[in-house]
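In structure tokens, the next block holds one chain alone, the form predicted on its own.
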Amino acid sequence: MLGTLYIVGTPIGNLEDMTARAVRVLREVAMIAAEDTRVTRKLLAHFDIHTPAMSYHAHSGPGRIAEVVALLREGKDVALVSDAGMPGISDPGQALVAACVTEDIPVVPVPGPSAIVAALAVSGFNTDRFRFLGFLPRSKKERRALLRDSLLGADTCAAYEAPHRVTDALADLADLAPDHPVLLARELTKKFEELKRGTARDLADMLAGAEVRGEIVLVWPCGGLQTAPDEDPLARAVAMASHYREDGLSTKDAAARAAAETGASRREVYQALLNGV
């Protein structure tokens, strides 16, 4: 009999967001795999949970994954938690989940708070479809390329950003679409929770020179990219398709995606890529 890996969501700030099911599961499993055992022990103490915890984080390596899998193979249940929120999303927990899936070990979600979902819910933007970008790239070139791509897409976008880089990220967004609306959600559910709404330029100017702290989510709708009035739609589509192809898409898929996002002819985009235009 195999054990079960429980993916347990924990509060992102307010401890009242802890679910009764999460408390029960953390009490009943044989081991808790925690991103930082010091942080998790404070949570466990608050809810009078005495289950042993082991560290599992980005630098744990394959040996720790093998150790957790061995416990599960012995029939022991294990709960995976991060410092806050739902493990496995832009989180090292995804490697452990993948290992368990490969080994046919049961993986069960115990849903909990999510900063991304919380920010999207209060954004006021269309969330019928949305695109999660994870943490924005540190490289300015890569970040601008991703932001440009997000504005050309059809979905509302949300991303994590570090406090010491958020001003640069907003400045890049403002260069592309200065009047585009953005929600900056900081320290969600915590004592100093803050929701700031404005244009990309307004928020970039507001934060310039300021010392920003806390965990941040940025949310913005699709569209808004400033392009020259006489820009050739086909040329823009080919440039986008070339970028997508560099990211690993096949020529056919890159042409189809760029054509869908710009309204250009898929056949013309595809032919231009083949011709090396």
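Throughout, we count residues from 1 along the sequence that is shown. Note that this is a predicted model, so its numbers are computed, not measured.
Not on display, but discussed next: the form predicted together with S-adenosylmethionine (SAM).
K.L.:
Tell me, which of Ala84, Cys157, Val78, Ala204 has a heavy atom within 4.5 angstroms of S-adenosylmethionine (SAM) in the predicted bound form?
P.N.:
After the contact test, the surviving option is Ala84.
K.L.:
Exactly one residue in Thr199, Ser114, Gln94, Thr127 has a non-hydrogen atom within 4.5 Å of S-adenosylmethionine (SAM) in the predicted bound form; which is it?
P.N.:
That would be Ser114.
K.L.:
Is it true that Ile12, Ile89 and Glu161 each have at least one non-hydrogen atom within 4.5 Å of S-adenosylmethionine (SAM) in the predicted bound form?
P.N.:
Looking in the predicted bound form, the three residues Ile12, Ile89 and Glu161 all sit within 4.5 Å of S-adenosylmethionine (SAM) (heavy atoms).
K.L.:
Using a 4.5 angstroms cut-off on non-hydrogen atoms, would Phe192 count as touching S-adenosylmethionine (SAM) in the predicted bound form?
P.N.:
Flag for Phe192 set to no.
K.L.:
Would Glu67 show up as a contact with S-adenosylmethionine (SAM) in the predicted bound form if we use heavy atoms at 4.5 Å?
P.N.:
Glu67: no contact with S-adenosylmethionine (SAM) in the predicted bound form.
K.L.:
So in the predicted bound form, does Glu187 come within 4.5 Å of S-adenosylmethionine (SAM), heavy atom to heavy atom?
P.N.:
The answer is yes: Glu187 has a heavy atom within 4.5 Å of S-adenosylmethionine (SAM).
K.L.:
Heavy atoms within 4.5 Å of S-adenosylmethionine (SAM) in the predicted bound form: does Glu215 have any?
P.N.:
Judged by the heavy-atom cut-off of 4.5 Å, Glu215 is in contact with S-adenosylmethionine (SAM) in the predicted bound form.
K.L.:
Choose from 216 to 224, 26 to 34, 59 to 67, 234 to 242 the stretch whose residues reach within 4.5 Å of S-adenosylmethionine (SAM) in the predicted bound form, heavy atoms counted.
P.N.:
Selected range: 216 to 224.
K.L.:
With S-adenosylmethionine (SAM) taken in the predicted bound form, which residues across 131 to 145 come within 4.5 angstroms through any non-hydrogen atom?
P.N.:
Just Phe135.
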